[in-house]
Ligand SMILES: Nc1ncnc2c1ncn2[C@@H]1O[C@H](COP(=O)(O)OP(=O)(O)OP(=O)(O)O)[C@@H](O)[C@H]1O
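Below, in C-alpha cells: the form predicted on its own, a single chain.
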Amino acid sequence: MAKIDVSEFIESNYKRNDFSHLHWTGSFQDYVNIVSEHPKVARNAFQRIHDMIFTFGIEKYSEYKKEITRYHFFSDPFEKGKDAIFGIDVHLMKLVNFFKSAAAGYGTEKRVLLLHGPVGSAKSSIARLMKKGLEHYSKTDDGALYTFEWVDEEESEILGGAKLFSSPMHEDPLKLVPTEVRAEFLTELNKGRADGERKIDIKGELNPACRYIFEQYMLKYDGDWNVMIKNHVRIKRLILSEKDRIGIGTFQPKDEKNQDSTELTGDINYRKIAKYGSDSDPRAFNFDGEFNIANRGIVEFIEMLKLDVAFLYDLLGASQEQSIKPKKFAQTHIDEVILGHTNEPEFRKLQNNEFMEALRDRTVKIDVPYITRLDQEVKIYQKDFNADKIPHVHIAPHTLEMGSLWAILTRMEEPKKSDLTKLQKLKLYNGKTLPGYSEDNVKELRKEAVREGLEGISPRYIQDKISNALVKNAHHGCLNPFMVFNELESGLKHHALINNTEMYDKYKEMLVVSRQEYEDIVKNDVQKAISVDENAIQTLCANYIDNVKAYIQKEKVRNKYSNRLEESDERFMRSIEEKIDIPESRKDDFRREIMNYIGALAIEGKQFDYRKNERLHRALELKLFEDQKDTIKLTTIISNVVDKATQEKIEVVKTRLIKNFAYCEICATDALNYVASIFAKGDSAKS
C-alpha cells in the first residue's frame, strides 16, 4: 500500500490562489467598476441559469425531419454523467425555451416552473442538475456574482454590537443605490450598450434588516450616502451552495402539524427580542426560510402539489409579484427561480380544484415523460451496470437492452394501424425502417400517442431487478438476459403500482414479446458468428440491389466476371426475399419499396445503408448463414458426442462471439447451447 505525504499532496493539488479569487472582497466602487466591465455579474437568476446552460455548448441533430438541439449541460458535466438525462431532448428544449423567455423578460420569469411526469422520469435529476450547475457556475469567472456585508469596527448598536452583518438574502449590492437616483444611475451604467444587448437593471428594495441598517447609518451620517458606503459596506464574491444554504433552497412536504409558512419566509428569533427590545425589529428576525436563502438562485419544491394549500398561496406572490411576506414585515423582493415537480395524480387534483385557479394560471408545466427510444433507455442502466462498477461479473450482450425493451413496451400506446405491432413501433422510434413507413409516418405515430411515456414501468424497477439478478447469480460470473427476465417477471406480483389484473396481464404479455425478441437476437448473433464476413454481406447486398434495379427499370445487369449484360437473376433475388417471407405475389411491391427508399435517401443527400433497413439486413444475413451453415451442424452442440472437427468449428464460432460481439466464455457457451436447442426443436418438429 502506497504512503501519501498529505501536506505535500495538498500543497501541490490545492491552489490557494483560487481560494483567494473566490473569496474576493472590495469596495462598492470596485463592484461598480466590475459591473461596468462585466455586466453579466448583475444578471437576475433566470438570466444566470439560461447562460449557465449554454456555457456547456449544444449540438443539433435531425429526428423525423425535425431539428433538435441537445444541450450538453444535461449530460451532467459535473459528476461524470451521474445525473445525465437521456432520450427527452424535445422536452428539455421546452425547458430551455422557458429560461430563454424568462431571461428576456417576456413574462415567464413571473411563473412557477413545474416539472410533471410519472415516477422515476428524471424530474429530480433535472432539479439536481440545476442546483449542481449553479454551484459550479458561481465559482467560474463567467458565472461570478457578488453580494455585500455591513462592517462596523466600532461595534455600534446598529449592528447589534457586532463588527459584521452579512446581507441575509445575499442581495445584489446595486440595491444599495437609492431609489431616487436609480434611473439616472442605470442610464449612465448602460451607456454604450448595443441594441438587443441585455441592459443592467435594479429591481426591488433591500430586505427589511438591511433596509433598517441602511436607514440608521444614513441618519448617523446626516444623509451622506458616500460616507456610509465607504465606511460600512464591503462587497464580496458570492459562491452558491446548497449545503451552506446560500442561493439554493429545497423544500419538501412533511406532517402538516409540524410545518408552517415560516419554513418558507423565515421566523422571529425570540432570543434576540430581549436584545433589540421588539419583535418588530428586523435584526431580531431570521431570514432563513427557503425563499430567503434561495435568493439569487433557485428553490426546489419536492412533490410540490402535495403541499398544504396554505403553502401554495405563498407561491402566488413569490411567482407573480416576485416578493414574499415575512411575518410582521413588508413585502420583500426576491430574485429566484421557483422549480417544482410533481406526479400526475397530484397534478390532476390541481386541475380539478377550482380554488387553485390562480396557481394554475401562474404555472408553466413541462412534461418529463419516460423514454420511448431504446438506445437512450439503455444508457440509463449502463451508468450503473458496467465493467468499472461491477468488475467481478460480466454482463452478457443484450442484457440491459432487453430490460430496456420491456420497459419501453409497457410505456407505449397500442398502434392505431392494425398492421403494426408495438415491437415494430418501438423499432421505428429507435431509427429502424419498415416498408411503408417514412419519417413522416413515424412523426404521425408520435403525435397520435398523446399519453405515451406518461405511464408504464419506471427505470427504477428495472434497476432494482437487475441488481437482484446480480446478487442472486453472482456465482455464475455472468449476468444474462434470462436471469433479468426471471427477476422482472417474479417482481410483477408485488409491484406497488400494478393495481389491476389487466395491467398485470399486459406487462406479462410484453415480457413474452421481449423474450421472443431476445431469442431472435441471440440466434442472429450465432448466425453472424458463423457467417461473420461483413464484406460478404455488403457484396451480397450490392449484387441484390443491382439485380432489383435492373428488374424494376427493365434493364440488364452486367456480369462482373464475363462482363456481359444479362437478365436480372430472379432465382437469386427470390432466395433472399424468401428468407423474410416475401411471397411471390408481393415481390414486386417489396422491390419497389427498396428502390423508392434508396431514391428518397438520394434526394436528401444520404447514402443507402442496408443495416438501417431491418428486413433487408435480416434477409441478407439469413441468406449468407444458409450458404455457410452446412460447414457446422449446430444441433451437435447439445449432443454428448461431438467429433473433433466439429468441436474445433464450435470453438471458432465461440471465439468470434467473444471477439466480435462482446460475449465472454460463459455467455458464449450459454448462447450456443440455447440456439442449438432451438434448432434441435426445429429439426424434431420437421421430422
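Being a predicted model, the structure only gives us computed values, none of them experimental. In this text, residue numbers run from 1 along the sequence as written.
Not pictured, yet referred to below: the form predicted together with this ligand.
For the three residues Met169, Pro208 and Phe214, a heavy atom within 4.5 Å of this ligand turns up in the model of the complex in no case. Residues of just one listed stretch (380-388, 97-105, 603-611, 134-142) have heavy atoms within 4.5 Å of this ligand in the model of the complex: 380-388. Note on the partner interface in the model of the complex: the residue among Lys123, Lys528, Arg591, Lys425 having a heavy atom within 4.5 angstroms of this ligand is Lys123. This chain is displayed alone, yet in the model of the complex one of Leu238, Ile88, Ile576, Met228 has a heavy atom within 4.5 Å of this ligand; that residue is Ile88. When contacts are judged by a 4.5 Å heavy atom cut-off, Ile521 does not count as touching this ligand in the model of the complex. Though the partner is left out of this view, Pro282 does not reach within 4.5 Å of this ligand in the model of the complex, counting heavy atoms only. At the 4.5 Å threshold, heavy atoms of Lys560 stay clear of this ligand in the model of the complex, well away from it. Within this chain, Gly289 is remote from the site of this ligand in the model of the complex, having no heavy atom within 4.5 Å. If you take 326-353 and check each residue for a heavy atom within 4.5 Å of this ligand in the model of the complex, you get just Asn343.
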